[in-house]
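Form predicted on its own, single chain, as structure tokens, below.
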């Protein structure tokens, strides 16, 4: 089914649903194709190909709302599906806040091509994909006598969406993605350390295909022989690969759902200081070939670059139409696009060299954050740093504190973002972090 045929089918479903008793209707048609290959110790462990089509119809019937999906896309079957969905919706409780967005807020088209789709992925032979995964595995396999296992992964996907609403929105989008990944585990006197490395891209010719297994092995071997250190407050350098994990609680606290459910430690903090002046973050959907780029969100709301945190001051939330009505706030979109951190001048290695004594954190092992208060406790893994050099790996330690407090202690942002991620967050240096042994 081509794009125009999807538009036609969506409009037919909307017309039928309105005729059958719905006051408002939204229809999205999604199509995706993906391939996944896993090789474990030189044997193909998994090889899957998936093709999926689905239609989702959101119904607004007598102040009642439901969302219903099916993969049966023949028109007659869809009409029966809509009849049953409308009948079921009438049994639900009324919710006066459920309504389609104001048409004024919809994306009207005409935006720059964001260049998100590499359709040539469909022409890549399976053998080529397997060979890529094997090459990644070969960079680590049998390269050290302490290795227990090596796994490599290849994945790609193509996805398209058509979205139509009964009050005037029409839009479509398409994107692709590819990932190569390796994980290595080794034996040692102190457990079985493991680590990974990956590269991802939207386009096949932009995907880095070498040194993935090599880096996974190098990172794993560096973890051998961890030692405990004394509890205390230390400067922390947070590697770019793990930095987004510490930001997720902040972004969760910015959503309309968290605000309404009183599960946000950032409620009522707009235009107030929530972090040090080092923190400036934009949500930018306009980056050409950015992993999170798009012209409109899942409701059809037009998106634009906007400040979320500016010099430590909170400037915006993530509010969809539903929670906007409940909270009395203007919709901005309920989800992030490309999260872009303002960069500094040094990379992680430069920060390490400047550190007299502290801890380089390269990963988190469990833990949680209280969304209402911002209090957190996370297990970490990383390295002790003294006089600008990495001394030895550390584990069995936690960091504890409060989200507002820790981000007010942010002293430096690096310049080393991961290009293939929608979280364009560099390595970060945070002072006075409370580390405790288990």
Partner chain sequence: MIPSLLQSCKGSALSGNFSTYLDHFEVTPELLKKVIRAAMSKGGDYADLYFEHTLNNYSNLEDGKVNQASSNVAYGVGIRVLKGDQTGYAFTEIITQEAMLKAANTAASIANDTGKAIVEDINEYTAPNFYPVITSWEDTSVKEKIPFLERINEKIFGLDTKVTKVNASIGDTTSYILFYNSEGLLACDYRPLVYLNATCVMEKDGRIENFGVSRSARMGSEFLTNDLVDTLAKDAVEKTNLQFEAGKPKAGEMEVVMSPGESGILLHEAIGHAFEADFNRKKTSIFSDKLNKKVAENFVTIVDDGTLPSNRGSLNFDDEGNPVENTVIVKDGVLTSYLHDRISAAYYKVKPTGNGRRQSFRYIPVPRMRCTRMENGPHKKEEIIASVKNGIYVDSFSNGQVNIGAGDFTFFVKAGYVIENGKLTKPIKDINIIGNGPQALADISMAADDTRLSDSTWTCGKAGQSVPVTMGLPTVKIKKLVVGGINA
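Note that the structure is predicted; figures quoted are calculated from it, not measured. Numbering follows the first chain given and starts at 1.
If you look for the form predicted together with the partner chain, you will not find it shown, but the lines that follow are about it.
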Does any heavy atom of residue 104 come within 4.5 Å of a heavy atom of the partner chain in the model of the complex?
no
Just to confirm, residue 436 within 4.5 Å of the partner chain in the model of the complex by heavy atoms?
yes
Hey, in the model of the complex, is residue 389 touching the partner chain, heavy atoms inside 4.5 Å?
no
Please tell me whether any heavy atom belonging to residue 146 falls inside 4.5 Å of a heavy atom of the partner chain, as the geometry stands in the model of the complex.
no
None of 80, 356, 108, 206 but one has a heavy atom within 4.5 Å of the partner chain in the model of the complex; the exception is 80
Per-stretch contact check against the partner chain in the model of the complex, the hit in 339 to 347, 246 to 254, 189 to 197, 271 to 279 (non-hydrogen atom, 4.5 angstroms):
189 to 197
For a quick test of understanding: in the model of the complex, does each of 18, 166 and 315 have a heavy atom within 4.5 Å of the partner chain?
no
Residues in 348 to 373 that come within 4.5 Å of the partner chain in the model of the complex by at least one heavy atom, in order, are 364, 365, 366, 367, 368, 369, 370, 372, 373
